[in-house]
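So this first bit is one chain, no partners, the form predicted alone, shown in structure tokens.
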Amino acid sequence: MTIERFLMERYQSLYWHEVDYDLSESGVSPMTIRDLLGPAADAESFLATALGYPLSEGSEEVRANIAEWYPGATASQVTMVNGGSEANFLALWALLEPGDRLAFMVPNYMQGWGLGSAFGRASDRVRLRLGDGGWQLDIDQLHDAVTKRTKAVMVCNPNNPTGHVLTGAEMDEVVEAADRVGAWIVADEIYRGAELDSDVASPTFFGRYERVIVTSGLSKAFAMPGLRVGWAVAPATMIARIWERHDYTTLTPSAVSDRLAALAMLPEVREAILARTRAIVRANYPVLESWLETHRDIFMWDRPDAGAIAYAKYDLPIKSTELAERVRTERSVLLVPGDMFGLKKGLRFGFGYDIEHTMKGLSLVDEILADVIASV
């Protein structure tokens, strides 16, 4: 099996810890174990956690608590893995055979794009397009891309890097296209819960169609990437297929992560965590937007619906990777270029961490932009 390089993950893993300003992060300031346990928690009880093997699919408690977040789901329809990226990997491995095609939303976290041609025959683009009405799914392209050879349609909702949440009508179109050929939907919903304008989580694909696999985890909206907790929610027969493949990768979650995830996904704790995340993105985004407004002559963007990321297209005579590399090497600021999301001239800005620090980094990006403009 050949697999193409996952450019964004390679880029971030090489440089995020070396720069002065990491604006490539797509989550919010991480919680601590103390934050999660609470000030009155019995720390000694937690410290007594035995470091043995937990259940490979996750404890009954953690799976039941995760299922609570998906209307109609049960613990038997959940399996716990190590991060949302492993959930994506195992889901596509369970679905795709040689000759199968994957209809894949672009822009996106491009893991699925590479896996579509590794496990199957190829991946076909289904674009979100930025126009006067914001980001919108190209419905015609969706239906053209989904053919009798399509085994799965993969979407990221809320979307990375744009923060767009599919409308109900757009979700219905995805279901209709998949149902027409009997394809599965793989919905990466890891940013669900980080909404900028609502206290209600974005709609899930789970329950809208019988052949759905939802992947998610605690890394983004839940601000706990260090726990490496991910999960898949799907019909029990598909969960069994994913679990069988988990036997070949990381086998089990960690005992500590299982226990903490069970706590985090209790409904009252879950909602408190998501309220924290929403407070961060709602406070920080207007500051980023004020900076983008100073560059209205070169940037085009739409306010994100969810997540701590915004994507801006630009009108400059420089490729996005070249621009990002200049920003990194000359000013020690890390951004993710558009071509690592299947786009062209654009940059993703993370705004979920210390916003004052973020703005200091953006002031250095100003200098590179000024230099590029001056050279035109």
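Being a predicted model, the structure only gives us computed values, none of them experimental. Each residue number is its position in the shown sequence, starting from 1.
Just so it is clear, the following notes concern the form predicted in complex with a small molecule, a form of the same protein that is not shown.
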From the list 257, 123, 160, 79, which entry has a heavy atom within 4.5 Å of the small molecule in the predicted complex? 160
Just to confirm, with a 4.5 Å cut-off on non-hydrogen atoms, which of 104, 109, 222, 205 contacts the small molecule in the predicted complex? 109
Just to confirm the contact call: exactly one of 292-300, 239-247, 266-274, 186-194 touches the small molecule in the predicted complex at a 4.5 Å heavy atom cutoff, so which is it? 186-194
Taking heavy atoms only, is residue 127 within 4.5 angstroms of the small molecule in the predicted complex? no
Residue 320: touches the small molecule in the predicted complex, heavy atom cutoff 4.5 angstroms: no
Taking heavy atoms and a 4.5 Å cut-off, does residue 83 contact the small molecule in the predicted complex? yes
Taking heavy atoms only, is residue 156 within 4.5 angstroms of the small molecule in the predicted complex? yes
